[in-house]
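As structure tokens, one chain now follows by itself in the form predicted on its own.
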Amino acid sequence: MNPVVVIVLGVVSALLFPGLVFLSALSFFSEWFLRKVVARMQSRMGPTYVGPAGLLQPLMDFMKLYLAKEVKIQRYSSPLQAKVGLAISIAALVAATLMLPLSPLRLSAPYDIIVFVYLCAVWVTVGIIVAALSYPNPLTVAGVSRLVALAAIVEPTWVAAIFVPITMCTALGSNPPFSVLATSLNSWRAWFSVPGFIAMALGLWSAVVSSQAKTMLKPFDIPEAEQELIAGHVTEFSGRILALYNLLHDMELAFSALVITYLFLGGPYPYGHLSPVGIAILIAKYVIVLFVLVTIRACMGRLRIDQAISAVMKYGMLPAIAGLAIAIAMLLR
């Protein structure tokens, strides 16, 4: 392919689809879906007035914070550092999205799962920590300490969970090996054997639990405990910085649901991305995954930090290790 075409396609993919614009739109939809479903479960209306069924409310909330609200500046604070940290996290998620089959670039290489994990499990968390520490405050520091404690167990659990389909598909001969794209296109095959079904089911369970904690949805919203820390590591965020943080939070939710949809559920399988039926199946799978995450959030109360770490270990890490052990046995046989 012509290098100029590749560069243009790369810029368009990063900025428009499936990059920043698409991921932001998907994030606003996911936020609307979360608020609407939780409200209905609690006998409330949820977003209603802005757009059809309140669909544009998250976008308007973002615009109000970004354009109308001022950024709070205090002594020793660094709003620029906060913006840089959040930009790093958002850029990492956008770059990782380009490795999914949604991307026209179709980025793929042997062992590219390492780059994928590096972006999602390292730089997103690092960016949030950098942003939070730009505002020195005892409540902020306490929130960051809880965030680091939770991330130290959640991120390895999430990585172990997504390595289950990656390893299973490599064992089944997907090429290139240990590739996010190859796994996304072949993950449906892993369900059609008894060992594969067990491994994938354990991995899927672990991915749901770790994604719930990774996105800090109840019961894992300890770093943002309003009753204890006001808002934890987000206490001092305001204006554009708070808008970017909220967008990042929604992006993590949308991205986690996308990863589960592709790496465990096969995306649009048994149809292609360009067929109307395939698009409908992909959307249906995504909404189902989102509904599961939202339902858990609506039904659970907040855990203490020690309870949360224990829950992730018991219901996330152990199933992931068991599923990964089966997948490795399939690879080595």
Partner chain sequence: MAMTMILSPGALALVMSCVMGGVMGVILALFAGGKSSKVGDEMYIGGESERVLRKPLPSAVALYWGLVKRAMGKLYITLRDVVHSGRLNEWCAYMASWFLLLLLISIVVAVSIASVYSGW
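Residue numbers count along the first chain shown, from 1. Treat the numbers as computed from the prediction; the structure is a model and nothing was measured.
Missing here is the form predicted in complex with the partner chain; even so, the following discussion is about that form.
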Note to self: Looking at L324, A14, L23, M317 here, can you tell me which has any non-hydrogen atom within 4.5 angstroms of the partner chain in the predicted complex?
What the structure shows: A14
Next item on the list: Quick one: from V277, A68, C299, M45, grab the residue that has a heavy atom within 4.5 Å of the partner chain in the predicted complex.
Entry: A68
Margin query: If we define contact as a non-hydrogen atom of the residue within 4.5 angstroms of the partner, is I128 a contact of the partner chain in the predicted complex?
Written below: no
Margin query: Against the partner chain in the predicted complex, would G173 count as a contact residue? Criterion: heavy atoms within 4.5 Å.
Written below: no
Note to self: I'd like to know if M99 sits close to the partner chain in the predicted complex, meaning any non-hydrogen atom pair within 4.5 angstroms.
What the structure shows: yes
Notebook entry, point to check: Do W191 and the partner chain share at least one heavy atom pair within 4.5 Å in the predicted complex?
Noted result: no
Next item on the list: Choose one stretch from 284 to 292, 301 to 309, 261 to 269, 30 to 38: the one whose residues place a heavy atom within 4.5 angstroms of the partner chain in the predicted complex.
Entry: 301 to 309
Margin query: Suppose contact means a heavy atom within 4.5 Å; in the predicted complex, does that hold for all of F62, V115 and I198 with the partner chain?
Written below: yes
Notebook entry, point to check: What residues, if any, in 121 to 148 have a non-hydrogen atom within 4.5 angstroms of the partner chain in the predicted complex?
Noted result: W123, P136, N137, P138, L139, V141, A142, S145, R146, V148
